[in-house]
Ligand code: PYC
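Quick heads-up: it's one chain on its own, the form predicted alone, in C-alpha cells.
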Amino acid sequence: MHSIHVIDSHTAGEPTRVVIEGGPDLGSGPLALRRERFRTIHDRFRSAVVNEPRGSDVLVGAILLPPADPDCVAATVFFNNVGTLGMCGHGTIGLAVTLGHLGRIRAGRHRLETPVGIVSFDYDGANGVSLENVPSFRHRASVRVHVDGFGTIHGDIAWGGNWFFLVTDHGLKLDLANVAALSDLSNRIKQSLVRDGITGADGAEIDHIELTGPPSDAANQGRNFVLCPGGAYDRSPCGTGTSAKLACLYADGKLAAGTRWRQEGILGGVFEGSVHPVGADLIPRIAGTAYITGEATLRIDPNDPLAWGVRS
C-alpha cells in the first residue's frame, strides 16, 4: 500500500492538489529534465493523483520538488488529467498558500522554479499572492480560421507560460449557464488549429483556447473562458491566460505598462494584472487569492484495478 500526502486548495474556484510526500524520485538536474522523467516514466502517478476515482478532469496537480537554485523556496511540476503543464498561474497561487499553510514560507517575496523558468511571488501571509510570471508575448495577431459548423473567426496566438489562441469575435455570451456552447466552440477551434497546422513558435501545440469579452462588473476590464488541455474549462480567470491577454493588449497599444487590468473568470472570480517591460521582455504580474480546502492521504492499493486512475 503506497501513501501520498496531498493538500488541496482552490484559486477563484479552480482546484490545485499539491503533492507534499509520496511522489516519485525524479532525480536531480534541470527541472525541465525532471519534468520529462515525470512525463515518460511516472505518468501513472500523475493519473492516480488527479484522475478519477480520486480526482476529476478539472483538478490540477503540483508536485513539490527540491530546487536546483538555492535562492528558490521550492521547485514544482504542474500536471492535469492528460499530462504535464509548462506553467500554471492559479496553481502557483494555490501552491504559495499551501506553502504558507505548511509553515514553509512567511509573508514576503519568494522564488519558485517551474519548467519554463523561475517565477517570483509575493505572499501576504494568508490567502493573497501576487506573482511575476515568465516573459509573455504575442506570436501572431488576428489569425483567420474557419471553424466547422460555426464559421470564420480570428484569434491571436500568444505565450503566457502556455500557448493560447485568444478569440474575441466568437459572438457567445461568457456566462456560466453557457458553458456547454463555449466548450463546444473552443473544442472546434482547437481541432481547426490542428487541421490547418496553426501552431505557436517552433511548431509548439496551442493547447489552450481563450474566448474573451466584456466584463459583467463595471469595476473590471474583461472576462474570459479558457478551455484547458484535456477538455476541462478553467474555473478561474487563468493566470497564464490572463498573462497572454495582457501581452496582446500591450502589443495593440491598449494597455500601458503598469496599468491595472482586472480579468474576470467564468465564475466571476477576478485576477488583477499588469505588465512591466524588463529589457526586451514583457513580464506580467498577476494577483489573486487561494484557500485551503482539504488535506488528505491518498492510498494506492496494488490489488485495485483502478489504483492508478481512470485514463482517457
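Throughout, we count residues from 1 along the sequence that is shown. Keep in mind that this is a model prediction, so the values were computed, not measured.
FYI, the form predicted in complex with ligand PYC isn't displayed, but the following is about it.
Task: Residue stretch of 226 to 234, 96 to 104, 111 to 119, 209 to 217 approaching ligand PYC in the predicted bound form, non-hydrogen atom distance within 4.5 Å - done: Result for this chain: 226 to 234.
Look up in the predicted bound form whether I157 has a non-hydrogen atom within 4.5 angstroms of ligand PYC, and give yes or no. No - in the predicted bound form, heavy atoms of I157 and ligand PYC never come within 4.5 Å of each other.
Contact flag, L85 vs ligand PYC in the predicted bound form, heavy atom cut 4.5 Å
L85: contacts ligand PYC in the predicted bound form.
Give a yes or no for V49: in the predicted bound form, does one of its heavy atoms lie within 4.5 Å of a heavy atom belonging to ligand PYC?
Because no heavy atom of V49 falls inside 4.5 Å of ligand PYC in the predicted bound form, the answer is no.
* Classify N162 as contacting or not contacting ligand PYC in the predicted bound form by the rule of any non-hydrogen atom within 4.5 angstroms, answering yes or no. => Yes, N162 is a contact residue.
Counting any non-hydrogen atom inside 4.5 Å, which residue from L249, L282, V60, L26 sits next to ligand PYC in the predicted bound form? For this set of options, the contacting one is V60.
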